[in-house]
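Below you will find one chain, with nothing else, as structure tokens; this is the form predicted alone, and questions on how it binds or moves follow later.
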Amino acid sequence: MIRRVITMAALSLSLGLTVTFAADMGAKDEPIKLSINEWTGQHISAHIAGETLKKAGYNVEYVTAGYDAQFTAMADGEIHGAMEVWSSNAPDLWVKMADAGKVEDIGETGFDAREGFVYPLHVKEMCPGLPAWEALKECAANFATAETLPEGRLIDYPADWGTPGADRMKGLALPFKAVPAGSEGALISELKSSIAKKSPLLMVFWQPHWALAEYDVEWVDMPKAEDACFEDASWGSNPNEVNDCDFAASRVFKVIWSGLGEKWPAALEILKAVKISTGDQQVMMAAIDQNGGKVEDIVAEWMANNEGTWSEWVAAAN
């Protein structure tokens, strides 16, 4: 029966026929607004979710919003969903609005995630002892710039994404100054430049990301994260500070305005069902960031090639 429902939903959608859902479509003529943040992977996640909603008969708008600021807009019902929120640097506004019941976590996006400090392989010659984090104490001067002297320079996430790099430099008592990158593109530019010039580089980065398939980097080994690391200063190597450990295991999840399910019941079921694999996302990111493809075109190609996948998400509303 389930297989038949999925097949019929897929057939109806591909033929442009009207699909009747067990869950009410709700206010289908009013646009569901999904946020667009500052990195390519998030654009892909948002567009796959949005284009699936369109296949189901919804009107969708994509709204550019800062990663932090989007939660205020979502709490007010001005934005209705964010398809890629990272637990390791979820803004305080997310916690505040979730506690107030104004926004909701509706499940994971689907791909494996990791965050931490990375460096190009040639940097090991400049800092013997890597990937052990303790090695950075002795070679920080090799990473210094005019902006950071006498400390080394760490390229942190863009300011809107939080300060995870700065937090760990303080927690681990490493003599580095965290300098926020201007954007995801700026992080990639730093990596490319370092490899081309064989210059020192330490930066905060994440996976999935196409760059990790394109460039040879290593992760810095830091003490394994535990809850106590972020709550109890006496835990770990620095008795005076929290955050003296690696990034917590990252969970990447979807967040909605708490009123979405009441206004668009079937849309909520569809968004809950959306899952994107690490491999698919990295291939699409490479097509966009490396080969100059447009998000809309790359996602449209994915939708055409994966009808069996997204039609099951639509069928979840039955």
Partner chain sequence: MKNDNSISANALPWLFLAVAALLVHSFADSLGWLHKFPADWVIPLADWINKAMDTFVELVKPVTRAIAAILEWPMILLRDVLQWTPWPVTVAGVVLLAWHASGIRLAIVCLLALLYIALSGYWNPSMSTMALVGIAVPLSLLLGLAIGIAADRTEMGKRIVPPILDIMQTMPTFAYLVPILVLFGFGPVVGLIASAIYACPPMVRNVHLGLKQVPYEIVEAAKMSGVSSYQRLFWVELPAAMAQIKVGINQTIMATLSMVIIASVIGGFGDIGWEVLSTIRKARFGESLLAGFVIVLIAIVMDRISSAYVTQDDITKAKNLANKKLWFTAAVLLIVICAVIKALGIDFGVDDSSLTKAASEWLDQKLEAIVVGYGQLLTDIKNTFFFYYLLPLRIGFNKAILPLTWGFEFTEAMRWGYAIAMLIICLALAKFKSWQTGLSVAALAYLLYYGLTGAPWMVLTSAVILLAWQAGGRSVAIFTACSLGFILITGMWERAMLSIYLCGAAVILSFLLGSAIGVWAASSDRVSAVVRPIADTFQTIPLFVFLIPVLMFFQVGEFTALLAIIAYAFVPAIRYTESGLRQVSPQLIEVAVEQGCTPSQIFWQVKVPLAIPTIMVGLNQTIMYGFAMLVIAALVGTTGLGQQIFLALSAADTGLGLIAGLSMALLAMITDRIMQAWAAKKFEGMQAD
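All values reported here derive from a predicted model rather than from experimental measurement. Numbering follows the first chain given and starts at 1.
Not pictured, yet referred to below: the form predicted in complex with the partner chain.
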item: Location of the partner chain contact in the predicted bound form, chosen stretch of 261-269, 247-255, 284-292, 46-54 [non-hydrogen atom, 4.5 Å]; value: 284-292
item: Non-hydrogen atom within 4.5 angstroms of the partner chain in the predicted bound form for each of 88, 207 and 213; value: no
item: Touches the partner chain in the predicted bound form: residue 231 (any heavy atom, 4.5 Å); value: no
item: Touches the partner chain in the predicted bound form: residue 237 (any heavy atom, 4.5 Å); value: no
item: Contact test in the predicted bound form: residue 184 vs the partner chain, heavy atoms, 4.5 Å; value: yes
item: Interface membership of residue 188, the partner chain in the predicted bound form, 4.5 Å heavy atom rule; value: yes
item: Of 137, 124, 192, 114, the one that lies within 4.5 Å of the partner chain in the predicted bound form (heavy atoms); value: 192
item: Contact assignment for the partner chain in the predicted bound form, among 105, 78, 226, 218, heavy atom within 4.5 Å; value: 78
item: In the predicted bound form, residues of 264-288 near the partner chain [heavy atom within 4.5 Å]; value: none
